[in-house]
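Only one chain is given next, in structure tokens, and it is the form predicted on its own.
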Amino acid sequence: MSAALDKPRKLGTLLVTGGAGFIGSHFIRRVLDRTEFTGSVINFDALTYAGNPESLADVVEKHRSRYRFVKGDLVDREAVRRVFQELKPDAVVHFAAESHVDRSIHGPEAFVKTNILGTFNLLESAREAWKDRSDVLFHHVSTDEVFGSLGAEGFFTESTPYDPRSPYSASKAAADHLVRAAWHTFHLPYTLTNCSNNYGSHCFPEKMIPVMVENMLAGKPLPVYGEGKNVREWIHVEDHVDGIFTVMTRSKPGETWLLGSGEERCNLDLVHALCDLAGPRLGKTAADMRALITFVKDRPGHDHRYAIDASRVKRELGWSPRWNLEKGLEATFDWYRANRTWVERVKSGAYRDWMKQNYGERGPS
């Protein structure tokens, strides 16, 4: 039996947590540009090092009457409650999270606070404000990392058991369980998506692809963990946020969906692909770029492979990705090269201090 609604759900006032971050900013931009969405967006963001209001400068200009920013931290229960009481959202899209695996290894406490306690505070505030309403929706954005590690074959599905392996994935798994518990215990309507690795413009330069692009532009070594054989599935951020909107408008409540592209690459092959496209753009050869690859000590608990079976969401809700990896990487490289002011600003301040404290002047290896 299909889990699709008979007719699309109309979304009114959306509370987007973490909307100044990478994926959240893309969601806000694309949802406000949709003709079928006539509501408004409240962006609730703590503006930690990974949140940048400049990523939404065009949104403020274009959709000023339908967009509102509220600075606040999910860990602050009263601040979250005030948003529900004063602005009265009827749907939540929960992006806000500490999300970098390496950072969770060096400082796991922040992940517990934001990803678990923050999600709990958001759920409690929604439950208090919405009471027994059935015309509301809490959408939780999660990751495929909650499922653990795959071998050489097979795929994650909606029924794959949880097996998180890092403080980051464990905290996201706990948040997922809290969302489902709120549905089963308190009848809080939810949908949930688990997604593969995202890439695209406006990604904070601590993740793999922007790190490689930044180092290529600077002529610095390209650090690859271990032997580079770990496999990830890569989805363009625009495809991901379009998938979220599809789930929110077309899925019955109480359902989980996996969003993936089918674009699997081992880390070394991905870096090779970036080198091959970067070389001609920088007046060099692919071989020149590949010579910058440096193998470094693997990180603890490095999962071998993630891969998603997204056939259910394609079959039942009609969503499928539009970007292929080759074109997506080209567009991403070109964006970082053309937007140096944005990059330099987000790399300054709190992030630079954190990197220096944890890795010293040299940066992460």
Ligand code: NAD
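This one's a predicted model, so the numbers in the text were calculated from it and none came from an experiment. Note that residue numbering follows the sequence shown and begins at 1.
One more form of this protein exists, namely the form predicted in complex with nicotinamide-adenine-dinucleotide (NAD); it is left out here, but the text below deals with it.
Proximity to nicotinamide-adenine-dinucleotide (NAD) in the model of the complex, defined as a heavy atom within 4.5 Å, holds among 168, 190, 147, 257 only for 168. The contact with nicotinamide-adenine-dinucleotide (NAD) in the model of the complex, taken as any heavy atom within 4.5 Å, belongs to 97 out of 278, 92, 97, 182.
Per the 4.5 Å heavy atom criterion, nicotinamide-adenine-dinucleotide (NAD) in the model of the complex is contacted by stretch 71-79, the sole one of 120-128, 245-253, 71-79, 182-190.
Candidate site formed by 160, 261 and 317: none of these residues places a non-hydrogen atom within 4.5 angstroms of nicotinamide-adenine-dinucleotide (NAD) in the model of the complex. Within this chain, residue 32 is remote from the site of nicotinamide-adenine-dinucleotide (NAD) in the model of the complex, having no heavy atom within 4.5 Å. Contact between residue 331 and nicotinamide-adenine-dinucleotide (NAD) in the model of the complex is not found at the 4.5 Å heavy atom cutoff. The closest non-hydrogen atom of residue 141 lies within 4.5 Å of nicotinamide-adenine-dinucleotide (NAD) in the model of the complex. Contact annotation for residue 346: none of its heavy atoms lies within 4.5 Å of nicotinamide-adenine-dinucleotide (NAD) in the model of the complex. Annotation for 3-30: interface residues with nicotinamide-adenine-dinucleotide (NAD) in the model of the complex are 18, 20, 21, 22, 23, 24 [heavy atom within 4.5 Å].
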